[in-house]
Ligand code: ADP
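Single chain ahead, written as structure tokens, the form predicted on its own.
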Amino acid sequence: MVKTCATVWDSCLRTIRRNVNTQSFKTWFEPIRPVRLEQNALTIQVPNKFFYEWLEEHYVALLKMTIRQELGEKGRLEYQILMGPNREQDQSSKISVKKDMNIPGAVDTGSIKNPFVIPGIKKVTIDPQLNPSYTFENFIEGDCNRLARSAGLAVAGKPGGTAFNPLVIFGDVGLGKTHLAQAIGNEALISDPGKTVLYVSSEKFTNQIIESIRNNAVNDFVNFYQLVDVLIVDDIQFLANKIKTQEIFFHIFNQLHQNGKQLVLTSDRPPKDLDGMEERLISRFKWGLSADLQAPDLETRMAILETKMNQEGLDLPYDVTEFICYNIKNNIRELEGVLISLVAQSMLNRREIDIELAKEVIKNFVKQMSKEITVEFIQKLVAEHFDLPVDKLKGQTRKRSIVIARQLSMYLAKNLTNKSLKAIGENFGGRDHSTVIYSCKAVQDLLDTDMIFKDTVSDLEKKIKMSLNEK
């Protein structure tokens, strides 16, 4: 009988069914569709990237076994990720795929010992140690990171040839320091594949120094690092109080800088606040540019989450996306974690992704979610303050005093509740989200120019927040 993609996959499913429980089979294998069979490669279609990654992480051995049973030892599996209506993306499986050792920017280290070599494996190239998914294209720009991103692009286009050497990127955990630093490395390799780029964490750097001291190979270690054109060291603060490590890093830093090579460093604080670091190192960190990454505002968080959704081939309701971004404010990594958990909960429990499911998931990421303040409660307080009936705030009257009270109510609802702009508008006589946006801007303009109005808003905010403790 002639094998087709459907018959091969059906045979695979019979084997898989015997090796996994019923729920797992329904969740992770029933949605898969066979697409084509070409020689020894079976291509299957999966709903999204998250689905593909889950299969690769949890069922790769089982899939490998079943494919080889059906297609022989050279059999392999390829994925086609469904990105949305009429949009598909091929994704080669990691099963039976040989890693390409022709790494951009690799150089022959000759007789110098390479500290990145795994014992027992011969490798004479410098692997950049970069994550290819960390690029400028998917690093969303906002007011919180504009300086750092712009400096990173300048450095990547002309390593060692700008005033930003070293470039020190600092900020709290989860704000994208590693992403931006590695994006510089990836972009530098695209601009000039002949460049030798190397990313290393301070922890790995320290361990390599310890190993080189143990083997009396410190000179080899230093010589190796001097081969690098762009050196990226992550979490430099962890070198604190490690005197020998700092001394060796100082010499590497000097040699690279004097030879016009680029240094990119990340830290959780600015150079001046690096306790336990030698003064001569701190002074050198200050030679170039120190650029901070701040917590992203709501709009930037929304853009980041939407980009992540597009990458994963996901489509969440707008109000759920907005709800997540209202509650996860200071950590981009947590935003991504919430998204993954939300999709996993939806798939595993066969639940629709909605606000209620989002609330359940977010509780695992936020120690205490803000107690909910209702739009109705805000309307009541504002109406009392302006001595108006609440119905006036929902009506169509254009009297100035009522318009200001209505706009202020919308502004407070946007800032103090978890409601979407659409939901807020519906509470004001069915107005749309653009009206809410306009109202918030009008209030902000008044706050910037009218100190009496600013005091009024401050008093109202205090009353509303105090009400949380009374509930």
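Start at 1 with the first residue shown and count on from there. This structure is a prediction, so every number in the text was calculated from the model and none was measured.
This next part talks about the form predicted in complex with adenosine-5'-diphosphate, which is not shown.
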Could you spot which one of Ala240, Val173, Leu388, Ile210 gets a heavy atom to within 4.5 Å of adenosine-5'-diphosphate in the model of the complex? Val173
Only one of Glu384, Glu336, Glu299, Glu360 gets a heavy atom within 4.5 Å of adenosine-5'-diphosphate in the model of the complex. Which one? Glu336
Candidate stretches 321-329, 254-262, 274-282, 137-145 - the one whose heavy atoms come within 4.5 Å of adenosine-5'-diphosphate in the model of the complex: 137-145
Hey, in the model of the complex, is Ile304 touching adenosine-5'-diphosphate, heavy atoms inside 4.5 Å? yes
Distance check, Thr196 to adenosine-5'-diphosphate in the model of the complex, heavy atom within 4.5 Å: no
Looking at the partner-bound form in the model of the complex, is Lys244 within 4.5 Å of adenosine-5'-diphosphate by any heavy atom? no
Any non-hydrogen atom of Thr178 within 4.5 angstroms of adenosine-5'-diphosphate in the model of the complex: yes
Judged by heavy atom distances of 4.5 Å or less, which residues of 215-239 approach adenosine-5'-diphosphate in the model of the complex? none
